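Take a look at this one chain, the form predicted alone, written out in structure tokens.
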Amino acid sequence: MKDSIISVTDVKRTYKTETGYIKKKRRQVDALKGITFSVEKGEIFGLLGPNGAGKTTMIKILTTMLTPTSGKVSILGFNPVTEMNSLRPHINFILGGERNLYWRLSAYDNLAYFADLYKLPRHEQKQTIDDLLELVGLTDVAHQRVETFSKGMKQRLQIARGLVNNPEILFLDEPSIGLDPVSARKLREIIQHLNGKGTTILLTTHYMFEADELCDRIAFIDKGEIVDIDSPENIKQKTDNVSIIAFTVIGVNMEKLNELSRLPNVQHVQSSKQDYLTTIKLHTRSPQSIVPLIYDTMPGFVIQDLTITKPSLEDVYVQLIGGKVL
């Protein structure tokens, strides 16, 4: 891509570990197995995948915290391995959770500390910090200690911290993890606002609806390899007219789920259990013919809230990367 400001070509990262105390065994773990992708200027790009897929390893390489075993990386024309000092003023990195803040300092003092680290001129600091606190909705608590903040407030302050140096590229590693729905929505609004002002954003997330709402393009990554990469809309269209039959039942067992998976034209079955209710989703190209078979397969079960819909991004993710049947 001619406007790419992040270019990753065949990047591999291997870890060598030892197990055992007396007779140690060495083993090699391939966290990344040859990743290739690019990010355009002004884009929100998502890396999606299960735990251990390689998402955080990739972000650490892009943010100069980890060296790839092999491959080539270019960010804003800089090599993050050999030109890290030139690159770092142009980027910033925000972790999910409550790390990277000093809890016994106020919100204002946290930002002042990081402004000093980035060598922001003192005469510019007050205006910059005031603007950032207003952006993330923390002006009224600017001089309160961070230890008194809620999780959502701490995460919004992390966003402000990540913007102290006015980065061209912002890396977000699971920014909304553990947040309540209201705080998560506010965070997404801030991310969209920043992107609207021209900040390029690369984020990792486990929340498919979040990626669908925010990202211009996403890459599904699993076991150190990219499974697919495209816009959310295009990825959802790659299911070849697959529909999702979703319903809930009480007290279903594994044997019955296996029977459903063996129905003709059923491609995949996924389920999730909450208390005594189990939600079941069947992926099929023939939903109208499958619905009567569901009732035939489950005599005596009360089937509730049966719907037929097109696949969501989460459904496609499960198809591509896999999911467990209960």
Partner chain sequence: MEGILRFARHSFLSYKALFGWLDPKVYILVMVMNPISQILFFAVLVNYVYDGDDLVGYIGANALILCVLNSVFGIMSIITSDRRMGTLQLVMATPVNKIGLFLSRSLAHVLNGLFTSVLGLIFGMVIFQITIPLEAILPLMTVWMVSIFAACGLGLIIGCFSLWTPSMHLLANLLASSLLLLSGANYPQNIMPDWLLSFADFVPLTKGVELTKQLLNEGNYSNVIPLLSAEFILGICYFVISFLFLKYAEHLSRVKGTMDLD
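Please read these numbers as outputs of a predicted model, since none were measured by experiment. Numbering follows the first chain given and starts at 1.
The protein also exists as the form predicted in complex with the partner chain; that form is not presented, and the subsequent description refers to it.
**Asked** Heavy atoms within 4.5 Å of the partner chain in the predicted bound form: which stretch among 264-272, 287-295, 29-37, 57-65?
**Response** Correct option: 57-65.
**Prompt:** Taking heavy atoms and a 4.5 Å cut-off, does residue 197 contact the partner chain in the predicted bound form?
**Reply:** Output for residue 197 is no: heavy atoms all beyond 4.5 Å of the partner chain.
**Request:** Answer for residue 121 alone: is it within 4.5 Å of the partner chain in the predicted bound form, judged on heavy atom distances?
**Result:** Yes, residue 121 is a contact residue.
**Prompt:** Can any non-hydrogen atom of residue 116 be found within 4.5 angstroms of the partner chain in the predicted bound form?
**Reply:** Answer yes; at least one heavy atom of residue 116 falls within 4.5 Å of the partner chain in the predicted bound form.
**Asked** Any chance residue 16 has a heavy atom within 4.5 Å of the partner chain in the predicted bound form?
**Response** Flag for residue 16 set to yes.
**Message:** Does the partner chain, in the predicted bound form, lie within 4.5 angstroms of each residue among 89, 93 and 100, using heavy atoms as the measure?
**Reply:** Yes.
**Prompt:** Which residue, 74, 125, 248, 183, has a heavy atom that falls within 4.5 Å of the partner chain in the predicted bound form?
**Reply:** Selected residue: 125.
**Prompt:** Here the chain is shown alone; which of 236, 161, 206, 256 has a heavy atom within 4.5 Å of the partner chain in the predicted bound form?
**Reply:** Only one option qualifies, and that one is 161.
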